[in-house]
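What follows are structure tokens for two forms of the same protein chain, given separately as structure 1 and structure 2.
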Structure 1
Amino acid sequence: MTKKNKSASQRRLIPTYIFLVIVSFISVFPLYWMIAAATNTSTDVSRGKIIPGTYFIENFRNLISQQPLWGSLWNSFFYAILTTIVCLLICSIAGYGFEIYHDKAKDGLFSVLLLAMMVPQVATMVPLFQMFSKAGLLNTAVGFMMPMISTPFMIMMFRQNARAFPVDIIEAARIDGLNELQIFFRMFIPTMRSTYAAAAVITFMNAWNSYLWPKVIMQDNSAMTMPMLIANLITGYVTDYGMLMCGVLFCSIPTMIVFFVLQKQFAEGITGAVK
């Protein structure tokens, strides 16, 4: 390619770069505005001030004095991490079983399972609450986790990615004397670690950001999670937007850290990569 053709090619890419810059700015601006609002007073936020201020410490003090921030953070971490671990174990075993040992009966059952994705969560809220109330699972970690630890989407995701798992490895492992559990834990899990990373990001974010079900099942203030705490900040006649944005910032940081740490594995897992 000559120098003239190379220069012309670069000029044709200028509109693309401009478009990407604009889209990137639009995507990042809400995050910037949240951080800036957490450092300003409620009046400044209402006026639309987007320059960072000096009231972050005051907003933080008001937040911890009016709401159980540390307890809510602990509850959210505990519930989200525990839900993620149990969900990955159950859904990966189900997806592995549906793909490796599939037959017509299991395929029909999987089709019925996928139909559950069409049922809105709100439609199951009342019967679930009645069941959990009679079972004495209100204000418990088990009550929080049960509707989330086995989802059709996660099972489908593990089944689709299990199709890339070499069947020859399973047959060779059986010849070597490994049982099915040993094959799953020693060979399938290490091979599909990118899929597990992607599923962990999705499950953790869903559990961390869940609001409606915890609001129904967690009736004790000591079991409050971060989304419930944020909702409490916007109740009443007057809302302190500076303190509200400070709470939203604390609620957003853990999910951002999880995503940035696992973003490479997340991309590989979504595309079905096998290591």
Structure 2
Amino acid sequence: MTKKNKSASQRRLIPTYIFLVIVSFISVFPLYWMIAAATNTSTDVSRGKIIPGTYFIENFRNLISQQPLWGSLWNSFFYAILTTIVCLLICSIAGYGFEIYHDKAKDGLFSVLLLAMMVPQVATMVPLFQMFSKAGLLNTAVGFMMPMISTPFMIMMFRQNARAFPVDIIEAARIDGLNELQIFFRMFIPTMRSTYAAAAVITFMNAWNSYLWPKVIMQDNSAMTMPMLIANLITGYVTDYGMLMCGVLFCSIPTMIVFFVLQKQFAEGITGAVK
């Protein structure tokens, strides 16, 4: 009886399955195609070949002969990891401060900071470029991370999650003689590991993928990031599809790995501030 019910309910779900399979196919196919194209010659790609080929090494060789791939990969990793560490530190301690020590003045300040969410990147781009070039921060990792390490979104996320942090722990730690900073580092950070993981994933992804700001301040080829590098591959008149997709693949591998390994944290990071 129950079995019959089950199969009946599965049968009713057939249109759902068909729809989901189509949507999943459309979602995955462009990425599959990117990998297939990275292993084929440009001519094969433009003839519509979608099966992986054997030309990957040549595409890769062409790519490193034309573009500073290793340098850009290193830059992207270095900038993104540095940004993630500093951002987490600054935003988590701020979120903690706003929640644990909250009073009227701090709540007011918080709503003012939220207004920064409405400030578009293109509006701050020119003044920041002028400030940073005066300060000699063009082509530097510090220049890259400065506008990204304190965001209302991240502060809000940590503030929201700090709500679940038991006040008893703070009281007990104070009695034990820990000062406020020690409480944050020894009590709050270890307890909030999952929040930190989610925040780290989302910050790393954003930093790795950022394009407009690096394009503005990274003017030396040696300071270039991966998104900038692959964008350079289409500046010529003829596009080498195989080589281009090889570059896109290298730009995507790190974020793909993060996605597959830490998908749960990624999803939590996206929705983190709204719970």
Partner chain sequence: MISKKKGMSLVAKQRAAGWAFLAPATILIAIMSFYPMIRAFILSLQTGTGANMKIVGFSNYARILSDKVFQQSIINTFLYLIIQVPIMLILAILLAQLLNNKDLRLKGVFRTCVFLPCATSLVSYALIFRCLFAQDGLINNVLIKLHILNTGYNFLGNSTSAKIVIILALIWRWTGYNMVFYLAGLQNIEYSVYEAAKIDGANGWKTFWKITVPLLKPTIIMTFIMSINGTLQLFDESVNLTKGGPANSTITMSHYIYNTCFMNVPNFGYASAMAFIVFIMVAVLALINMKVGDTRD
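These numbers come from a predicted model, not from an experiment. Numbers given to residues start at 1 and step along the sequence of structure 1. Between two forms, the rigid core is the largest collection of C-alphas that superpose within 1.5 Å.
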Structure 1 or 2: which one is the form predicted on its own? 1
Threshold 2 Å Cα movement between structure 1 and structure 2 at Cys251, rigid core reference: no
Large Cα shift (2 Å or above) at Thr43 between structure 1 and structure 2, core-fitted: yes
Cα of Ser65 displaced 2 Å or more between structure 1 and structure 2, core superposed? no
Superpose the two forms on the rigid core and tell me the Cα shift of Phe19 between structure 1 and structure 2 in angstrom. 4.1
By how many angstrom is the Cα of Phe260 displaced between structure 1 and structure 2 when the rigid core is overlaid? 2.9
